Structure formats: structure tokens, C-alpha cells
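A lone chain, given as C-alpha cells: the form predicted on its own.
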Amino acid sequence: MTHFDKDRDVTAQQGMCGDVAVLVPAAGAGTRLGPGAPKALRLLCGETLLVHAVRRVVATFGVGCVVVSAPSTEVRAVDRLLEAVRASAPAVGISVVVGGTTRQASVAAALAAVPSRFPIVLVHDAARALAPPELIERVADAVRNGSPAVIPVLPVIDTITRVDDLGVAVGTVDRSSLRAVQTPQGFRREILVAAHEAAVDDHTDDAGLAEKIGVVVHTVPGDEVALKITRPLDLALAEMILARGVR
């Protein structure tokens, strides 16, 4: 029995809450990973980033719906890729929709496909393929317990400096109050809908959209394993993490 099968058994014993839908925008090209398939369809230890990500999502207590937004040319291929994940988690509805030309448009397309019975919606990047179920559940729990919007964060460990237009350093930034933001980001459904309806320009971050309409965004601790796979070096690091037995 795998780690995920055990999690699913525990969830069944506790009673599936089924109040969480997870949107996975996966239509980006991922050019910084080099030439090849769209980022979410790149392989990590023999499986696509998307499959790694969705497998961890469906192993999370309370998740009853997953909507993936895929490139228009890859919808059928992505749907087939997810067949094994569907078989491992029959209680979770997994669907694929056509994504947009931007991440924001892809999230909106996926959000429109979520059945109305789900009051909590998480937005999760396929590029954070190793985000563990514990992190996903932590975000969902914070929303469930009353936060309208939630982001997982990690302390910033690098020294940060401001530079001018000429590339000259003009001042070191106090990093004590800075945090690096991860996904999934969680929302009351009506908050995320309102944020997207009110958007007048493009954002790469849904919490930023929520802030624009005056929503207070709360934080929970992130997880170092939930790194964003953007460059070839990130892919190599993810392979090392998996080789150490993280599943």
C-alpha cells in the first residue's frame, strides 16, 4: 500500500469532508525550463509534474473536486494522463478544461467549471509538483476556520537589495517582514469569484487579486518541499528530493 493509499484510507475512516475544490492552471509554456512540452507536462522521475501535483492534491482530506486547465491542444492528452489518478481516488471528481493565454485566464476558466457545492477553492500551480498533502490541508483548514483568503509562506533567507535603472544597488531591504509565497492559495469561493470579476489588469497571483478588492489575506507556514520548478536546476533538485524517499 502506498503513502497515498494510506492517506485515502484514513480520510475514508474520518469521513470525507468534500468541501474543497482545487484549481490547477497547467497551460503555461514553461520556457525557462528550455524547449519541450508545456511545463506541467515535463517529466520528473518518469511522471509529469502535473500528475505528481494532482496525486498529492487528491490525497488531501476534504478535496472533492479538481479542475485542471490545459493548453487547448493538449486537453485530451492531459485527460488521459490523469486516468490513473482518477482510478486511485474515485471519490474526487477530476476534470480538464481549456486554459487561457495567461495564468489568470486559466484560473478563471477552471473556476467557472467548479460545481456550486464547493465553498472552498484552492489555486495550486502544477510547477509546485511536490507540495505535500499536509501543506494543502493546512491552507484548506485555515479557510475552513474563517480566513477569507490564505497563502502559505516561507521566510526569505537571501539578502535583498534595491537597484536603480542602471543596476546600481541603492539599499538593502529589511527581510525580517518579507515572506516567499507558495501555492496552494486558498479562498472562500465567493471571494475568488469577486476578485476575478473585478480584475482590470493581469496578475500572476490570486492573492494579489483578492488584496485589490480589500480582502485580508492570512498566512500559514509553507513547506520547503513545495519548491516551484521553473529552471532545469529546480528539476534536478526535485529529482534529488524524490530520490530521498519523499512521495
Ligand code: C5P
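Numbers follow the displayed sequence, beginning with 1. Predicted model only: the values in this text are computed from it and were never measured.
Quick note: we don't show the form predicted in complex with the ligand, though the next part is all about it.
Participant: Please determine whether residue 56 contacts the ligand in the predicted bound form, using a 4.5 Å cut-off between heavy atoms.
Facilitator: Residue 56: no, not in contact with the ligand in the predicted bound form.
Participant: Against the ligand in the predicted bound form, would residue 192 count as a contact residue? Criterion: heavy atoms within 4.5 Å.
Facilitator: No - in the predicted bound form, heavy atoms of residue 192 and the ligand never come within 4.5 Å of each other.
Participant: Hey, in the predicted bound form, does residue 103 get a heavy atom within 4.5 angstroms of the ligand?
Facilitator: Result yes; residue 103 sits at the interface with the ligand in the predicted bound form.
Participant: Residue-level contact is defined here as any heavy atom of the residue lying within 4.5 Å of the ligand in the predicted bound form; does residue 127 satisfy this criterion?
Facilitator: Within the cut-off, so yes.
Participant: Which one of these stretches, 169 to 177, 89 to 97, 137 to 145, 103 to 111, sits within 4.5 Å of the ligand in the predicted bound form when only heavy atoms are counted?
Facilitator: Correct option: 103 to 111.
Participant: For a quick check, can you give me the residues of 216 to 243 that have a heavy atom within 4.5 Å of the ligand in the predicted bound form?
Facilitator: The one in contact is 228.
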